[in-house]
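Only one chain is included here, represented as structure tokens and corresponding to the form predicted alone.
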């Protein structure tokens, strides 16, 4: 009888069982579960005990149950679909058990995989959110930290410039020079931290300007030849004169790459020499490819640490003699990457190190007709149209106030109003006519860029055209764009010295 039913099903893992009205087995093909005639169907699983009402039904009926877990006598588990078929002609009840274990296992794995994917996606989203919050906190901290350090540093730098113009003994001049040198060193370290932060978040851009590459190298040769004599070591320059004289690129960043590599080489070299080699590789489509190397005979780098040297804040030698921020090489790597170049290092401990770079530089084709305008540093005060100019200084740092006051007082061309609170700036602008405003960005009450926007919207004569110069340490590209959008004309970076301040002021008072 069961063979008749089996012919209508194609699934090989299907068992057919017939039972009487009391639930006792009449016949079973035992494909999945071993049953004898007379066994109670309930002995197979408690599931069947709850279905006794279907055993004695004298009508055609077909009931299906899905995803039922059953276990045989060998403790083997199955996941099955079960059908109950009853018949009106009083035939025995037919039970059909389909083993769909593989099928359900597959869908369970798919569902689990989907759930894990959703969970992993949520975890990744949380991680990204955490990293973004961490990055935002770091950048905010660096910006605040930099700003707070640069205020007192502005006072030190500015007053050193003022002191150098006074009558001092040779000994006093030496002391001031030491102070100024220390302040410049601190300024450079702060700049390194801020610059590394810019590189990491992709906010540092490479500018393009025409400059003399040969003059840059000549300046480096002079500077480091002097430094080599001071350290009693040699400095050698191997420069290919066929390299175009003029380049189009970011002179400041290129100079920084050279200086950081050379400073690093000089720091770790006490005997022998440092060699800077710059060779032309090829020219193509207004680009020249250069192979650049900086080689030293210093302490070298252990092989196992070569991969670490371009990491931020990494110092491979922690002795006081070789102290530093550990950012120089990291900045070099970031800048070289920004210029689409490559940098590698070879080193042997106790023998020395060689840093190699390969970079493309743009250059103007007509080198002979290319020239740079002589940018004279002569103060523009010779071309001023007024005897006295009214300047407003919006600045809350007393040191910065004193520095600006002292510098401008020495010039004799300025009346200076000083305001420490952002809320008082607008009122002062309304009631006074100023020729120029020096605006600190981080003002108590209202930030300087917001104050500038308010000033530009005032229905007062001169407010739309008066030069407003930002005084700030926040120099991300986004910041610069915001300052310009708010109506600021230019930026004076903290810490500033006398020359920088006056040059900017005279530029906008022409």
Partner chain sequence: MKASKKIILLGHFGVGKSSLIRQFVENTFTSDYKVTIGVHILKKEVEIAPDETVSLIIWDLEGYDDIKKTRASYLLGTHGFIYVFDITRPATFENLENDIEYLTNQYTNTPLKVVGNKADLVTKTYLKENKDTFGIKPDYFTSAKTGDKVDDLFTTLAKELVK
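Since this is a predicted model, take the numbers as computed values, not measurements. Positions refer to the first chain, counted from 1.
Just so you know, the form predicted together with its partner chain exists too; it's not on screen, but the next bit is about it.
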Problem set entry | residue 68: touches its partner chain in the model of the complex, heavy atom cutoff 4.5 angstroms | yes
Problem set entry | its partner chain contact at residue 351 in the model of the complex, heavy atom, 4.5 Å | no
Problem set entry | Partner contact for residue 136 in the model of the complex: its partner chain, 4.5 angstroms, heavy atom | no
Exercise. Within a 4.5 Å heavy atom cut-off, is residue 111 in contact with its partner chain in the model of the complex?
Worked result: yes
Seminar exercise, completed: Interface check vs its partner chain in the model of the complex: of 126, 168, 308, 226, the one with a heavy atom inside 4.5 Å is 126
Problem set entry | Position in contact with its partner chain when the complex is considered in the model of the complex, options 175, 130, 415, 222, heavy atoms within 4.5 Å | 130
Problem set entry | Contact segment among 450-458, 468-476, 25-33, 40-48, judged by heavy atoms lying within 4.5 Å of its partner chain in the model of the complex | 40-48
Problem set entry | Site check 255, 268 and 288: each within 4.5 Å of its partner chain in the model of the complex by heavy atom | no
Exercise. Going by heavy atoms, what in 105-122 lies within 4.5 angstroms of its partner chain in the model of the complex?
Worked result: 107, 108, 111, 112, 115, 116, 118, 119, 122
